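One chain comes next, on its own, written out as structure tokens in the form predicted alone.
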Amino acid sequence: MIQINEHYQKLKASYLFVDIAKSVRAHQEAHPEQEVIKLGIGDVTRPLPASALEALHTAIDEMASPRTFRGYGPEQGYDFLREAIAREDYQSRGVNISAADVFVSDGSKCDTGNIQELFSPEQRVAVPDPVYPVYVDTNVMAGRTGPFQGDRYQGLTYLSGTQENGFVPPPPEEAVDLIYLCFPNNPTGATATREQLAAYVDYARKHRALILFDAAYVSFIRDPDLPHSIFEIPGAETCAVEFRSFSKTAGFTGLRCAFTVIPPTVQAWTSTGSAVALRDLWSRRQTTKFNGASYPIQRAAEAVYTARGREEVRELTDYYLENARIIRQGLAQAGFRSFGGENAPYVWVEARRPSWDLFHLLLERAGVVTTPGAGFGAAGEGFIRISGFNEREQVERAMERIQAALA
């Protein structure tokens, strides 16, 4: 008899964005005449940077000639991209990361979900709340939680982000083994200072814990005092893993390319107390289960690190940040308080009612799709997330509709 992994049955009925898609579909069927503006899911809309597009075309042309054709590439990523990442994202900021520490993949969602395979099912896990659902759901699937009761999974430690702590919760009071962090934050748009991240590094070193640091939105940081990497914090090279993505940085949501960084000094332990280099475990996992991101995509990613590419990425991310500014301004004019949107593309809005109620009100009255904060966790109740990822005219039209709907 084939038996299932019964931990999957602990999961809530469906993924947050599936529920949203169903609601939007039903609304469109009921109101086919209305144009729906989507400011919910964090998907980009602007074309690829020209430098990346040209590199992609060149690499595809190489695949047409026997002399330059490429088959299977290295599972960890081609050296040309790994070296560019280490040099431009880390060494340029005084962080001692080498190409050997970089593992190229097809998405940070995959990496943040897959890395939990390396750890014992008994590990105690801390997650922010509100939180990107993948961190929670993949640990539920692995059996690290109890059932979903009330509004949270039993067995997880939740780090509540509130207005009082600026949506940057302090480290947990009890001992945990794995800590997920995301800054700039999805969904709240909050950012963490060096001092706040240092508190987590100190905690991890004290408890022999591991920080899983999602920096997918780092390219939106404009405040020069904010750290861009967990590895800018002394000691993090012994207790942290970092995930980054080209999806929002350079519009690669349709191309798929990301990377994970694990220094050789990050260790985990066996049940008998023997130390194991985590980088070696991740390398073994990737070489067994992953065949690498494609050559043309990695060439396109490499182009992002040229002088021209960096300028294009800055222009692209500035565009979405300006959208976020327009959203914040429009909400303020409508009398709503919002957070984030300055060093991140997301605006976190105080709903003044249950999250799903405001979601449905804006969908039905304004034809605007947002994301209910309750879908990100119990601490997200009473908020909605609005994304700056759309065309300028659509964002401006959405704010006009929202203001009319809330008047």
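So that there is no doubt, residue numbering starts at 1 and follows the sequence shown. Given the structure is predicted, the values throughout are model-derived calculations rather than measurements.
What comes next is about the form predicted together with a further copy of the same chain, which does not appear here.
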- prompt: Which residue among G254, P224, G150, G94 has a heavy atom within 4.5 angstroms of a further copy of the same chain in the predicted complex?
  reply: G254
- request: Let me know the one among A199, M141, A99, A332 whose heavy atoms come within 4.5 Å of a further copy of the same chain in the predicted complex, would you?
  value: M141
message: For the interface check, one of 83 to 91, 164 to 172, 69 to 77, 225 to 233 should have non-hydrogen atoms within 4.5 Å of a further copy of the same chain in the predicted complex; which one?
response: 69 to 77
R46 within 4.5 Å of a further copy of the same chain in the predicted complex, heavy atoms: yes
message: Please tell me whether any heavy atom belonging to Q116 falls inside 4.5 Å of a heavy atom of a further copy of the same chain, as the geometry stands in the predicted complex.
response: yes
is_contact(L159, a further copy of the same chain) in the predicted complex, heavy atom dist at most 4.5 Å: no
task: Although a further copy of the same chain is absent from this view, report whether D357 comes within 4.5 Å of it in the predicted complex, heavy atoms only.
output: no
- prompt: Relative to a further copy of the same chain in the predicted complex, which residues of 52 to 70 have a heavy atom no more than 4.5 Å away?
  reply: L53, L56, H57, I60, D61, M63, A64, S65, P66, F69, R70
